[in-house]
Every structure is written in structure tokens, then in C-alpha cells.
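Have a look below at one chain only, the form predicted on its own, in C-alpha cells format.
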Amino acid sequence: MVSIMDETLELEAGQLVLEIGAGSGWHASTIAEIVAPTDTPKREQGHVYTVEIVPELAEIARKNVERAGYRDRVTIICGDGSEGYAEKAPYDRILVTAAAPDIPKPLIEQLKTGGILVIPVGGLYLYQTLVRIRKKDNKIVKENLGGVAFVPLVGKHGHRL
């Protein structure tokens, strides 16, 4: 699923990426390998910001990212990912690794024109669809990529548990 989502994002070197749901930090590291390759000058490298709502997971992700050598290319933020991370917006790409009941408005607002958002949308544990959103001239184009099963996105714009 990580590979499918990375491919669906159409990642390129130099992009600014927001990931919602850091988990272990592994997915953010795979993205950093593409958008911020070490053979690229620092000023041309992209960066990954990843937001994790569970403090213990944010700390695990932080340690894993550091151990794997991505600390300079991945920033872990502990907070409500359903609200995005406006401080570094707008983003070229946004990835959500938990299922939302609907597409959170703050994520659409923080996506650049020409950007791509990939998010699972649907119920708490079943009947979810992976959706790719392209923002074109401030219009939203949605594409259904098929059924998936993810943990629920929690927070202000997520599921109420």
C-alpha cells in the first residue's frame, strides 16, 4: 500500500509534502527518499512534514526517522492532522494514512494549485475508498482508486470515536 500511495502521489524531487499519520515514520522516509534525494543540493531538496496525533507514536516516528538518517528531510509534528499543518503550506502533495469521513477542508486549502491529495474516505473500518484529488485552477477533481481498509482519522475533521 505504501508503494501504491507513493506512486499515486506522482512524487518528484523538490516537492513539499504533508503526510497525515506518521505512524512509525517509515512511510515519510520513503517519500523523503524521492522528494529529497541526498545527491541533490540542499536548496533544491524537497521536505516531508508528517503530523501524528498520538504523542507516543510521534516520538517513535521521530526516533526511527533519526536512526534511518532522514532527520534533515522529515519533520515530525505531534498534533491534529485533520487540520493539516498550515505553518508550512501550501504543499505540492498531501497524503493521509487514516480514513476520514469526508475530505477535511483544511487539507484542500493547504494544497497548492496543481497539487495532489491522496486520502482514504469512508466509514470507521469498512467501506472506504482511496481517493486522489487534483487541485486545478482552484477546482477539485476527484478520482476513485478502489476499496481500502485503514484505521480511522481522528481529530476535529475526522471520525468521532
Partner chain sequence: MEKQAWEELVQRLIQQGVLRSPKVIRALRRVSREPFLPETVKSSVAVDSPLPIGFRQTISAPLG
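Bear in mind that the values here come from a model prediction, so they are computed numbers and not experimental data. Residue numbers count along the first chain shown, from 1.
Quick note: we don't show the form predicted in complex with its partner chain, though the next part is all about it.
Q: Any chance all of Y91, Q110 and G114 sit within 4.5 Å of its partner chain in the predicted complex, going by non-hydrogen atoms?
A: Answer is no for this spot.
Q: Would you please decide whether V65 lies within 4.5 angstroms of its partner chain in the predicted complex, comparing each non-hydrogen atom pair?
A: Yes - in the predicted complex, heavy atoms of V65 and its partner chain come within 4.5 Å of each other.
Q: Is it the case that L11, even though its partner is missing from this view, gets within 4.5 Å of its partner chain in the predicted complex, heavy atoms only?
A: Answer yes; at least one heavy atom of L11 falls within 4.5 Å of its partner chain in the predicted complex.
Q: Heavy atoms within 4.5 Å of its partner chain in the predicted complex: does Y127 have any?
A: Flag for Y127 set to no.
Q: Looking in the predicted complex, any heavy atom of V141 within 4.5 Å of its partner chain?
A: Looking in the predicted complex, residue contacts with its partner chain do not include V141, since no heavy atom lies within 4.5 Å.
Q: Which among 115-123, 43-51, 24-32, 99-107 is in contact with its partner chain in the predicted complex, heavy atoms within 4.5 angstroms?
A: Selected stretch: 24-32.
Q: For the stretch 36-57, I need every residue with any heavy atom inside 4.5 Å of its partner chain in the predicted complex, listed N to C.
A: P37, T38, D39, V54, E56, L57 sit within 4.5 Å of the partner.
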